[in-house]
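Given as C-alpha cells, the chain that follows is alone and in the form predicted on its own.
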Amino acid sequence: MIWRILVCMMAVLAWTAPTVQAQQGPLRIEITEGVIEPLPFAVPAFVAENAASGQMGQQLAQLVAADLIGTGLFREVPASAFISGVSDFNAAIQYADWKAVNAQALITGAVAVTGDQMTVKFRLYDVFSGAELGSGLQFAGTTAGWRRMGHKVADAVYSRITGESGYFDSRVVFVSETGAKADRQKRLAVMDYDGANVQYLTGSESIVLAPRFSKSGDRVLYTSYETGFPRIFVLDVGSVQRRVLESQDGTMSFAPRFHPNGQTVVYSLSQGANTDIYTLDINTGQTTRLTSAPSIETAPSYSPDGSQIVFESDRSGAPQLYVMSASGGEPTRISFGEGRYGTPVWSPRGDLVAFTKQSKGRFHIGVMRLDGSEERLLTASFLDEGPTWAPNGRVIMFTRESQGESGRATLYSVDITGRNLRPVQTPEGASDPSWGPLQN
C-alpha cells in the first residue's frame, strides 16, 4: 500500500506540484500546491540483543526518527500511543495494534554490542497491507560509529518509501566562525549532515574561505590567505595533509571547485583589474584559460558529467548566471529576473541550478532550470548565500547571517519546494557549507 502512494508523495518533490488529492483506502496523502500530509510512522526502540547494548537501541530509534522527521515528509507516532511494543526482532508483527494508532509504516530493529563492535539490523513494514517492504538489512561497525549506522537505516527507509536515494549518511565541510563580527576567527571543519561529530581540519591563524568537497568526498579545496594573497589549497580529509596549488606570481586565485574526475580544478584568477576562469590539472600543474573578458567571471561550477560550467559574470552590467562548455567558448546567459545573481551550483541530478539572488534589499536562495526557466526563490532574509546540494539533489544547505554588530553566521537547509526550512545546529558560527557524497 505504501508503494501505491509513491506517485502522490513524489509530486511534492517535482518541480511544479499540482493540487492533488489521493485516496487509497486507509492510506491518504494530500498534496495542495506543494504541501504534503506527512506519512505517519512508528519506530520502537531497537531490541537490545545482549546486555552490552544498553541504551543503544533507544538512541538508534531516536536518530532514525529525527532523520525522517527532518525531511518534512514523515511524522512520528509517539511511543506513548503504542498499544504493543517490539521485544523480539523475529516475532510476528501485530498489525492491528499499529493500525489502531494510525501508523502507516513500522520500522523495527535490533542491536548487539561486543566490545567496541556492534551490529544493527532493521525491517520496514507496510502496516495497512500487512507486509514487509523490501528485505531486512544488517550493518556492522564500531560503537563509535553508531550514528552512521542509524543514518544508514534512515537512508534505506527513505529510499524504499520515496523511491529516491537518501542523504543522511553524508558529511558537510564548512567554515567554523568564532569571535566578534569585526574580528572573526575562521577555520575549516567537517561534520555529519545534521551538525553532529564536528572535526576541525585547520587552525584559525589565517582566513579560510569556500571549502569544496571532491565528488568522492576524500579531498577538499579551499582558499586561504596565509601567504598574504588568496591561494587555493587541496586538503586530504583523512590525513589532514594539505598543499598549495600552483599559481602565477602577482595573482589571486579563489572560488575553486573540482571537476567530477577529481583531477581538474576550475577556479577564478584575478590579475590587475581582470578576473577570469581557469582550469588546473592537479597532476601536471598545467593551466588553461577558459574566459577572456574585461568583466568579472567567477564562482564556476561543473555539471554532473563535467561537460559544462555554470558561472557568475557581470558582463551584462550586473552579476548574472551563464553556462559555457567545460572547454570554454561563448557562454549563454540563463538568468533574466530582476536583481543580481551569484554563487551558482549545479544540482547532482543535473536538472537545476541553485543560486544566491539579491533583490530589493533582500537575499534569497533560489533554483532554476538550466535554460533559466521556472525560477523559484526558496528563502528570503537579510543575508542568505552560498547554496550547496544534498547528494540526492532534493535539499539545499546555505549560510544565513543575522543583521547588526552581533550578527552571526549560521547554516540552514531547505528542500527544493521551499516549504521545509530548518536550522542546522553547530557548536559555533558556521558559513560556506559544501555537502559531500553519501559515504560508503
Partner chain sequence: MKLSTKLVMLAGVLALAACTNPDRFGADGANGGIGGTGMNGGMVPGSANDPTSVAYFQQSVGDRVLFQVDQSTLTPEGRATLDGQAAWLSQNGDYTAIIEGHADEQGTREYNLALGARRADAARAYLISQGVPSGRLRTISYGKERPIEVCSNEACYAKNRRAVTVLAGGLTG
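What you see is a predicted model; the values in this text were computed from it and never measured. Residue numbers count along the first chain shown, from 1.
Quick note: we don't show the form predicted together with the partner chain, though the next part is all about it.
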remark   = With the partner omitted here, the residue among Phe336, Tyr200, Tyr95, Phe229 that in the predicted bound form has a heavy atom within 4.5 Å of the partner chain is Phe229
inquiry  = Exactly one residue in Thr71, Thr275, Ser347, Ser214 has a non-hydrogen atom within 4.5 Å of the partner chain in the predicted bound form; which is it?
reply    = Thr275
query = Would the partner chain be touched by all three of Arg148, Phe168 and Ser170 in the predicted bound form, meaning a heavy atom each within 4.5 Å?
reply = no
query = In terms of non-hydrogen atoms within 4.5 angstroms, which of the given stretches 87 to 95, 149 to 157, 355 to 363, 129 to 137 touches the partner chain in the predicted bound form?
reply = 355 to 363
query = Hey, in the predicted bound form, does Ala380 get a heavy atom within 4.5 angstroms of the partner chain?
reply = no
inquiry  = When the contact criterion is heavy atoms within 4.5 Å, does Thr343 count as touching the partner chain in the predicted bound form?
reply    = yes
In the predicted bound form, Ala182 touching the partner chain (heavy atom, 4.5 Å) = yes
ask   = Is there a heavy atom of Asp67 lying 4.5 Å or less from a heavy atom of the partner chain in the predicted bound form?
value = no
key: Those residues of 238 to 254 which, in the predicted bound form, come within 4.5 Å of the partner chain by heavy atom   = Asp249, Gly250, Met252, Phe254
